[in-house]
Ligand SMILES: C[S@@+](CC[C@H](N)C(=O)[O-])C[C@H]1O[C@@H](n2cnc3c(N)ncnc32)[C@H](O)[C@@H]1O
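In structure tokens, the next block holds one chain alone, the form predicted alone.
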Amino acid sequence: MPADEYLELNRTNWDSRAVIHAQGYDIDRLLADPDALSAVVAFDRPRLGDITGLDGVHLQCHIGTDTLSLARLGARMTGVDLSGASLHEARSLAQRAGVDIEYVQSDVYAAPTALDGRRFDLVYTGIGAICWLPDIRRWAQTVADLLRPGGRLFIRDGHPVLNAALAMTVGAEHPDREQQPWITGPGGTTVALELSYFERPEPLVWSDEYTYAGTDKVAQPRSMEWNHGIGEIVTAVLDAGLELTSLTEHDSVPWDALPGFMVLDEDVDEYRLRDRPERLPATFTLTARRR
């Protein structure tokens, strides 16, 4: 694969999603209430802590709903994204909301150069981001390069176990079901680890006519993704010279990741497995600090 093939493919894919997502993503609520936060940032807030007065950069910010929310919590925010169409929507949202946010078009690995070597107090990465990057170690080093001494990383993203899971039909009886009758029996459908959990050089190539938000078809449906195991993520952060300050796993995720298997918890606006949600780590939050 040419070094920049994934960038062009994923950029055009996200360009074609941006207008569709701008019609949803709870934009009307965010504009109607100057104190409103995106559901993602509202979930993150207890672990995010006080960010008042911090210089923050949001990597892979997409159309800026979370970036706007972080600014409303008091940070001076800069958003970075590969997709020019996404940044067009993000700038429009910030302008309509009356919030000053700088947006810069760049892929993640080139962000330190695109931002002219500036350093930040907070690097924030939200849901559904690092799966678009082929090298988690390079991502962690980029984060370290963007942080001032004492600055911190906050990432909540899809759990690599969820990213490796598909719904499968069970074909045979499992002997342990005699003792644990809740194990799915023959003919039942359950979650199985069918995709790679660990980072691999070759990407998963997908072609999805519809995106996760909205009903219109996307103009360019193809994309490339990579999974990264929790151990790989933690080790990359440590090897980049950051100090791990927390790692939390959650049983919920902001989108219906396994349709037909998940139910919406309206209290947190997130989905978890309908049956035995304790089986599946759906997202994780990791925080770290630059020494």
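Remember, predicted model here, so these are calculated numbers, not experimental data. Numbering starts at 1 and runs along the sequence shown.
There is another form of this protein, the form predicted together with this ligand, and it is not shown here; the text below is about that form.
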Inset, instruction - Verify the flagged residues D66, S86 and W132 against this ligand in the predicted complex: is each one within 4.5 Å by a non-hydrogen atom? - result: yes
Inset, instruction - Evaluate V108 for contact with this ligand in the predicted complex, applying a 4.5 angstroms cut-off between non-hydrogen atoms, and reply yes or no. - result: yes
Inset, instruction - Classify Y271 as contacting or not contacting this ligand in the predicted complex by the rule of any non-hydrogen atom within 4.5 angstroms, answering yes or no. - result: no
Inset, instruction - Indicate whether this ligand has at least one heavy atom within 4.5 Å of a heavy atom of Y197 in the predicted complex. - result: no
Legend entry - Close approach of N227 to this ligand in the predicted complex, 4.5 Å, heavy atom: no
Inset, instruction - Please name which of the stretches 183-191, 75-83, 199-207, 115-123 has residues with heavy atoms lying within 4.5 Å of this ligand in the predicted complex. - result: 75-83
Inset, instruction - Have a look at L146, A71, I127, A165 for me and say which one sits with a heavy atom within 4.5 Å of this ligand in the predicted complex. - result: I127
Inset, instruction - Taking only heavy atoms into account, state which residues of 211-227 are within 4.5 Å of this ligand in the predicted complex, ordered by sequence. - result: Y212
